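So this first bit is one chain, no partners, the form predicted on its own, shown in structure tokens.
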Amino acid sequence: MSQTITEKILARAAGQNSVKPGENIWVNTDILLTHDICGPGTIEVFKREFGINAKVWDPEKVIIIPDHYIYTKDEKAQRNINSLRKFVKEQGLKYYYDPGTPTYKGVCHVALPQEGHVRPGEVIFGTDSHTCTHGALGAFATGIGNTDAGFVMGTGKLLIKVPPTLRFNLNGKLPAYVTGKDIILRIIGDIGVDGANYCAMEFRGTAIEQLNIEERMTICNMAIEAGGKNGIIEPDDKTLDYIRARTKKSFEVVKSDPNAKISKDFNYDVSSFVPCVAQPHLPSNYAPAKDKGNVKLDSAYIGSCTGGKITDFIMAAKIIKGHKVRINTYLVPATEKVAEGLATEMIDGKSLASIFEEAGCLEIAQPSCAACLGGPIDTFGRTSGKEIVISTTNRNFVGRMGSKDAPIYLASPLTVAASAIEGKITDPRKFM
């Protein structure tokens, strides 16, 4: 029976030869990811259902990465982290990346692949909707709630429904000014925030082949913004090089059968794509950046799992180099390795960090989710009033970055950097 990559991975995890969309199956879990927001709730479910002295199903497959509300004095946020530390010690978990220590890594969706925990053909569940990021490396990865995660924590299994597949064929020569963020915002703008409800969004084509792994991660990350169950890209040589540089564990490369049944095909020529923004208050409110030049801004934000990777900062630095920013420009590296890269990556003999400093950007923050999810009042970059923000983050709902009065425009690092220079939404082609 011909199957898609998503169906093949789920069939393997269910111990079956094949599965079909709509079928309910029990799957074995390869990785359970949680963090400081949902981790304590997941642990409480686990203890309630399996007993206060119960052990997790596999201490090497439960990965805990605090990253959301960690650099704050807020007592409740600190309480969450302390509860994680206690649980990790009780369980003897191998992979816990503790903030404030040398083991800390950064934002979970960037740290997980960075540390070699993501491999093709595997099943990853995470208590965060953007867990679908990891489909960029050929895994089935999706977000689940605390109740499901508590069950997975105790059993290593979960009952799920096999999603139908929507295939996005992205072909043509990719313009230098078009990024992964521009691609996924265009798609979400076309199909809407519910256009892929409980579907696997499979991305392929010559344009995808041209993208680096981090750009592919941005695309898969935002599958959830269209309602997708998962985003996924078939592994290629770039994928395998990335993974083999980070882990020695074995894995199985899975690809869709050529004649696999697809629920719907979407075909795009990316050579016609332009830099864009998602206007408040939905990721589907698509508009070309050149059409929004009348929107004056109060701040720019470069960070998060979709905009805080090293390639994101390289893109932004190439635009900002030699210019001064006109508005508060926040820089939040996603991980400690990205933070190190800001000091070591060079453009024309200057480090990224020095380029941003000379441009007048604000001091580089400690790696975390920071203002992407709002957070306590002392969160770096958090909005507190009616600031109009352009951001590389992935979600622009009301109040997402703190204040309910702050409109948020989503854009690529190129567009955010150009807009920071001009103090208004700006098409980055002006500086390229």
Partner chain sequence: MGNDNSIIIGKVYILDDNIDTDLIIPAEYLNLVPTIPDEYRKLGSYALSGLPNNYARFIKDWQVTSEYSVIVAGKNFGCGSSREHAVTALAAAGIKAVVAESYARIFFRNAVATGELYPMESEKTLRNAFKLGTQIEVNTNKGTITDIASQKVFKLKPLGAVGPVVAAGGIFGYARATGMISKKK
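Positions refer to the first chain, counted from 1. It should be emphasised that the depicted structure is a prediction, and the values quoted were computed from it without experimental measurement.
What comes next is about the form predicted together with its partner chain, which does not appear here.
**Student:** Using heavy atoms and a 4.5 Å cut-off, decide whether T335, S354 and I421 all contact its partner chain in the model of the complex.
**Tutor:** Not one of the three qualifies.
**Student:** Which one of these stretches, 384-392, 42-50, 58-66, 361-369, sits within 4.5 Å of its partner chain in the model of the complex when only heavy atoms are counted?
**Tutor:** Partner-contacting stretch among the options: 42-50.
**Student:** Within 4.5 Å, heavy atoms only, which of T247, S129, N328, S271 is in contact with its partner chain in the model of the complex?
**Tutor:** Exactly one listed residue reaches within 4.5 Å, namely S129.
**Student:** Which pick from G307, P275, G180, G150 sits with a heavy atom within 4.5 Å of its partner chain in the model of the complex?
**Tutor:** Looking at the other structure, the residue within range turns out to be G150.
**Student:** In the model of the complex, does R79 come within 4.5 Å of its partner chain, counting heavy atoms only?
**Tutor:** It does: once its partner chain is placed as it appears in the model of the complex, R79 has a heavy atom within 4.5 Å of it.
**Student:** Do L158 and its partner chain come within 4.5 Å of each other in the model of the complex, heavy atoms counted?
**Tutor:** Because a heavy atom of L158 falls inside 4.5 Å of its partner chain in the model of the complex, the answer is yes.
**Student:** Would you classify T142 as touching its partner chain in the model of the complex, given a 4.5 Å non-hydrogen atom cut-off?
**Tutor:** Close contact exists here: in the model of the complex, T142 approaches its partner chain to within 4.5 Å, heavy atoms only.
**Student:** Consider N24 of the chain shown here, and say whether it contacts its partner chain in the model of the complex, taking contact as heavy atoms within 4.5 Å.
**Tutor:** Yes, contact at 4.5 Å.
**Student:** From first to last in sequence, which residues of 388-414 have any non-hydrogen atom within 4.5 angstroms of its partner chain in the model of the complex?
**Tutor:** Counting only heavy atoms within 4.5 Å of its partner chain in the model of the complex, the contacting residues of 388-414 are R395, F397, V398, R400, K404.
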